[in-house]
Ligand code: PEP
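A lone chain, given as structure tokens: the form predicted on its own.
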């Protein structure tokens, strides 16, 4: 049963209502939304739903039709984010868990951990207790294996995931691990499920060998019913008649799970296929299907692995897979972040001292805008963040130390550079310390059920109108009204309550303001990406850096620009952007903005930088920063 509470109900009234419901033997879960608060009432409901609507503070009672209550979308419409230390599973950033099937030795485990972390894994997997088909197979190192996992966490900073096979292991799990895995064979071991529910640690719940999705969700319900809502579902293939793979990977489970439950879902292609060559294709397909992450088996010498060697990737194969996922992720609104753990550590280090306001990150525009989404992709929702009214206000906050970092858009693949921000990069003494590329999908957003024929005014940012030109040309009678950002446009449509108005923005803005997508994907080019850069008054990550941005000018002499470009060509440095901008106050004189694939401030490029200074009339290095692709550390 879902009870929608009346607006304006006081905390004391809510507490009295929850106490009354609990006195009748119900489990009560409070969920606060943007516009309303609901109570989930779980247990045997013996009274008519109309009875609950007579209780003080209750606006509406809605029965939950699913047999699983706590895990259902009906009770919890927003997706849940499961936090494992600094890692968030179910958000905008993909989470990749990697490691061997079993913990074999200290040296081997640390070797594999270093390798997978260098490629972008953020959690480490390895079994200390191994349920095996044969009693004569390697069963794991037990507590000794858990001690090795704890050492891996200490050295690498990665949280560790391992399987719990018996309720007697609860104390060991509490002592050593970050995520407790319930394996496929134990999915319906209900006493074990209750136990991991009481432990309170995040739980990775694998689907059983022949379990239906409903049975899987009912198993998750056991864990949540014990008070632990930190559950991550893991699809690892089901047993079918097919013999060319170990199991049959059911990727249809991904959209089905997202529709039925608020819990995140990750995919285990290693156990699903059982064949090394099949793991990467299915991993790529899983992310394309919308999975929140992956768990991948990796081993430095698979032929010597004590468990599941044939399905374990070599580190080089894992590295290539991560590069592929980096490209795929933005297409489905995700980001694969290779500096995930380093960013979290650095942001903690830059926190304000006790008693002072926490140092935060800032972005331009309103919550729900694309700049807000880029901020979430780069920093994660757990980092304190605030919006600013303009690009300049972001630069001001960073320069004055009000914010540790800021994020701004600099170019779009369809409409080109955001020139205001390039001018501000020249004006302010800040540096670029990172970048993120966001796929931009534009949607026509308005009031539910509004026919397109009734629309007269469309609100959005001027660049958005350019990016949706082909769609808008089909409606020449629409009046296009410019706004500061896309979220502001949606907010104005909601405030005006005019059925003739709509906005163009992202899905996040529609959800934030409770509006409806009337037409999806109206941008002219589906390969529509915006590049954002992160600015700071100081250095951010220690490196390695793979890219540099700079501004310079040359004398008004034939060949002067060529002489600077030759410096890069002779050293085989790729120039990925070169753009001229008028020099303010000096007609017909220009500055050149350049991006190149090298750390120009590194010792090995000191001579290049000096030569460039000699051949330039003005030079400012905007910053050197990670490019984002996997490289050797």
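Numbering follows the first chain given and starts at 1. These numbers were taken from a predicted model, which means no experiment stands behind them.
Note that the form predicted in complex with this ligand isn't included here; everything after this is about it.
Partner contacts here mean any heavy atom within 4.5 Å of this ligand in the predicted bound form, and among 79 to 87, 401 to 409, 123 to 131, 168 to 176 they occur only in 123 to 131. In the predicted bound form, this ligand stays beyond 4.5 Å of every heavy atom belonging to residue 159. Residue contact check for residue 337: none of its heavy atoms lie within 4.5 Å of this ligand in the predicted bound form. Contact between residue 292 and this ligand in the predicted bound form is not found at the 4.5 Å heavy atom cutoff. Using a 4.5 angstroms threshold between heavy atoms, residue 299 stays clear of this ligand in the predicted bound form. Residue 101 is the only one of 101, 551, 510, 424 with a heavy atom lying within 4.5 Å of this ligand in the predicted bound form. Contact annotation: of the candidates 372, 93, 271, 108, the single residue with a non-hydrogen atom within 4.5 angstroms of this ligand in the predicted bound form is 271. Residues of 176 to 192 that come within 4.5 Å of this ligand in the predicted bound form, judged by any heavy atom, are 181, 183, 184, 185 in sequence order.
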